[in-house]
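The chain that follows stands alone, in the form predicted alone, written as structure tokens.
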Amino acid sequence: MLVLATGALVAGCGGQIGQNNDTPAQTGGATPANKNLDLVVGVKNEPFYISMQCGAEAAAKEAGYTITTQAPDKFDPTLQAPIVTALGAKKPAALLIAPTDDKTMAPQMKQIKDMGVKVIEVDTALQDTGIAVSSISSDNAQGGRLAAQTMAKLTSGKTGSVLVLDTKAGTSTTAARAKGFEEELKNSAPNLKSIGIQFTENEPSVAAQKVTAAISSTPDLVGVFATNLNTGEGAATGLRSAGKVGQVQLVGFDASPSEVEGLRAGAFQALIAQDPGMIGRTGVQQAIAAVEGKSVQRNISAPLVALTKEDMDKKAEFFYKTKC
């Protein structure tokens, strides 16, 4: 996993971590003839990626570039890889991509790089750090730590077990969140014990099943940490089905419209929200700097913030969009 620049961590509910560590690109460099960018996100019609697309499109328009966004129907490298391969015929000036697997997507991304296309990672990243010229993401390990600190405050010193729901093995961002959560839980809440990380294949229905099964097998379950949008929505469904809403504390990651409404209604007790619009904007800025021969920052960390029902409306700028 790529460990990105670490932002400041503020403990407890309502804490905020991360910052834009980008620095202005140096002046100079020729204006390129090719001003076409491509953005390949993780999956279609997901508010996180829609918000990222909005930020990217605004930044490209402001700079006089064009950008085209494509996405697979599912968060799956076998569906994303052909999209990237097809860009070889188009040869954009730069490719911004959220790779759906930190190893599997490397050959396709390297092939594009070897054609002279600048590659920028947005949100997720490869293990191979030699392909992308810049990587913009939330500090996901710190996000997991913020979630653990928030869970500790929500459970108010109770003793019990916590379930961690990850998406798919090989997803760099969610793996870092899960790992950061488990590490910090030992420090912030030694009274709580993780019953392990379980994978949901990024399917809400699987997340719901995992939660109901854990409730049946673990009588002292007091919390669930869901590492992304789909997993969080599924976990909320599982808690409703088991009649445990509010009894088992649910900390989700992301702030989709359905998650925000769930937080307002009490299905979630906290959300760790990212700033996908900033990731998209900064990705385009770094791509343009690379294309124009200006300085590029290799790793940039986007902010994260904990939302609770009490303070969510004060932080509405972190709510994700469904359209630009």
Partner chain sequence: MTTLDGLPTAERRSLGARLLSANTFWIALVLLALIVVFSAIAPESFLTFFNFQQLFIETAVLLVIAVGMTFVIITGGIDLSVGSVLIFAGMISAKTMEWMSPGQDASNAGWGVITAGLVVAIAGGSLWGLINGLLVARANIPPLIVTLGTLGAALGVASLLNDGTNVRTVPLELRDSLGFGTLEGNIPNLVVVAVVITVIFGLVLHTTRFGRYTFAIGSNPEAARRAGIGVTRHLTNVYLLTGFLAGIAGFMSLAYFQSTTISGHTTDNLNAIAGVVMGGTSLFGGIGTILGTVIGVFIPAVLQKGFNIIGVQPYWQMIAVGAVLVAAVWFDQQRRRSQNKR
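In this text, all values refer to a predicted model and were calculated from it rather than measured experimentally. Positions refer to the first chain, counted from 1. If you superpose the two forms and keep the largest set of C-alpha atoms that fall within 1.5 Å, you have the rigid core.
In what follows, reference is made to the form predicted in complex with its partner chain, a form of this protein that is not presented.
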The one residue among Thr104, Thr85, Gln127, Ser241 placing a heavy atom within 4.5 Å of its partner chain in the predicted bound form is Ser241
In the predicted bound form, the residue from Ser217, Thr78, Ser156, Thr159 with a non-hydrogen atom within 4.5 Å of its partner chain is Ser217
Is Gln111 close enough to its partner chain in the predicted bound form to count, meaning some heavy atom within 4.5 Å?
-> no
**Asked** Does any heavy atom of Glu183 come within 4.5 Å of a heavy atom of its partner chain in the predicted bound form?
**Response** no
Does its partner chain get within 4.5 angstroms of any non-hydrogen atom of Asn191 in the predicted bound form?
-> no
task: Report whether the minimum heavy atom distance between Ala148 and its partner chain in the predicted bound form is within 4.5 Å.
output: no
Answer among 116 to 124, 241 to 249, 172 to 180, 87 to 95 for heavy atoms within 4.5 Å of its partner chain in the predicted bound form: the stretch 241 to 249
Would its partner chain be touched by all three of Asp254, Met278 and Cys324 in the predicted bound form, meaning a heavy atom each within 4.5 Å?
-> no
Contact check, 50 to 83 vs its partner chain in the predicted bound form, heavy atom within 4.5 Å, ordered by sequence, gives none
Once you line up the core, how about Gln142: does its CA shift reach 2 Å between the shown form and the other one? no
* **Core-superposed comparison between the shown form and the other one, Pro99 Cα displacement 2 Å or beyond** => no
**Request:** Look at Ala214 and decide if its Cα position differs by 2 Å or more between the shown form and the other one after superposing on the rigid core.
**Result:** yes
